[in-house]
Ligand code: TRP
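Quick setup: one chain, the form predicted alone, written in structure tokens, and binding and motion questions come after.
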Amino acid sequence: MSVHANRDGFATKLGVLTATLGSAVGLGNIWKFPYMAGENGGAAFLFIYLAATIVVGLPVMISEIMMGRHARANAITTWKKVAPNNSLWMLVGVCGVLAAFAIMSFYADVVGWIFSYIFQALSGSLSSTDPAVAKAAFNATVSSPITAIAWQWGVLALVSVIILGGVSKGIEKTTKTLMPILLVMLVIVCIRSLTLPKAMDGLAFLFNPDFSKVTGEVVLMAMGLAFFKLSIGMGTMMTYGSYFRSDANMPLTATRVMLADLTISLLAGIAIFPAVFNYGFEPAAGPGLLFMTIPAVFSSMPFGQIFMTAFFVLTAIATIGAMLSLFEVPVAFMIEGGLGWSRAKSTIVTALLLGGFGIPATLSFSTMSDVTLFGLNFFDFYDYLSSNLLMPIGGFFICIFAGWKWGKERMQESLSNNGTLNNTMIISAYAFIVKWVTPLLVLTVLLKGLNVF
């Protein structure tokens, strides 16, 4: 059943995997996850993160995909179909669309900075071993209103062109090309990083197990990371699920995405930290690592300009897959959610709205740095609204619906592809976890994000 008889979808099983993986992979894989692992117990943190993913991330992801494929509709219309007698459930879909929109409103800025850095790396303007030079370059990139807005709109234009191509010829074709390139480039940079004299210091930072660092705070951090890194609670997996082939093995695909996402995160750590430690730099999280430390590190090694450029290219690739899935959420709603617009009109309107709402976030580092909402500049407000409120609220109610309202019989039918898959034990485990375990853990993540404790 579909909203339109000729509704587009993913054409191949590989396309299903690469598009879903592209949605999950993003900036967090490149700088946030490796740093958090190294700072919080190395291999000990990896173990906790993996456990958290199994009981927090995967159940929500499978639930979203399952409901989306069943309804064959966008993130809001899906709720109308799975809960036709209670319109309040539709508000969960609204949360997802708003979360995707809020994320895009500031995420496009960061992606714009990354694309800017590709050209700066190519020109040689970042080639200095002094982090202060990189810091000055970063400040110049984000503090110029016209330049920053131009890069933001350029990114939105690029993503719009791909979205205009549709699901199979746009999103699927792009991610099937970009994901293998990302993997190959990561491996090349890893090999170069591992040949450095003090590479083992970086690997020790990343992998040495230190259980003394594992505290309740670290466990909560791992749960939050598992939830956010898989692009759940923002309508993306529900929308992509609606494009899944009818023969797609949803639990297996979700597990493969989770493992591939983790692999890319670890490869990013192997690419970054041996070089960071070899040249005596301090590891740092966030923009400090990505935009200030990395240029200085790569400038220190032979052929550094080439590897620095390659690194920012692969970082840009990682962000594009996530951008596509986020962008598709409001576009799919505009096409199917009662508006009946064409893909072209929906894409253009979404891009213009994002461009407009993104301007305050872009200017948060220059002319609007003193303008705040609830004590936060617009960039941080959009981040807080999506990450701390909309996503965990959406994830919590998705679990409640899947575990308590969907029903074991319908769950069995959906996840076994009408009995064609022999995965009864997996479905039983999922049913138990999504009903009794995941909602409590997601609620804990939500309360932690709201600083309740």
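Start at 1 with the first residue shown and count on from there. Computed from a predicted structure; not experimentally measured.
The form predicted in complex with the ligand exists for this protein as well; it is not shown, and the discussion that follows is about that form.
- Residue contact check for residue 26: one or more of its heavy atoms lie within 4.5 Å of the ligand in the predicted bound form.
- In the predicted bound form, residue 89 stays away from the ligand, with no heavy atom inside 4.5 Å.
- None of the heavy atoms of residue 279 is located within 4.5 Å of the ligand in the predicted bound form.
- The shortest heavy atom separation between residue 332 and the ligand in the predicted bound form exceeds 4.5 Å.
- Only one segment in the set 288-296, 154-162, 78-86, 234-242 has any non-hydrogen atom within 4.5 angstroms of the ligand in the predicted bound form, and it is 234-242.
- 228 is the sole member of 378, 228, 207, 115 with a non-hydrogen atom lying within 4.5 angstroms of the ligand in the predicted bound form.
- When the ligand is considered in the predicted bound form, only one residue from 105, 193, 325, 74 comes within 4.5 Å through any heavy atom, namely 325.
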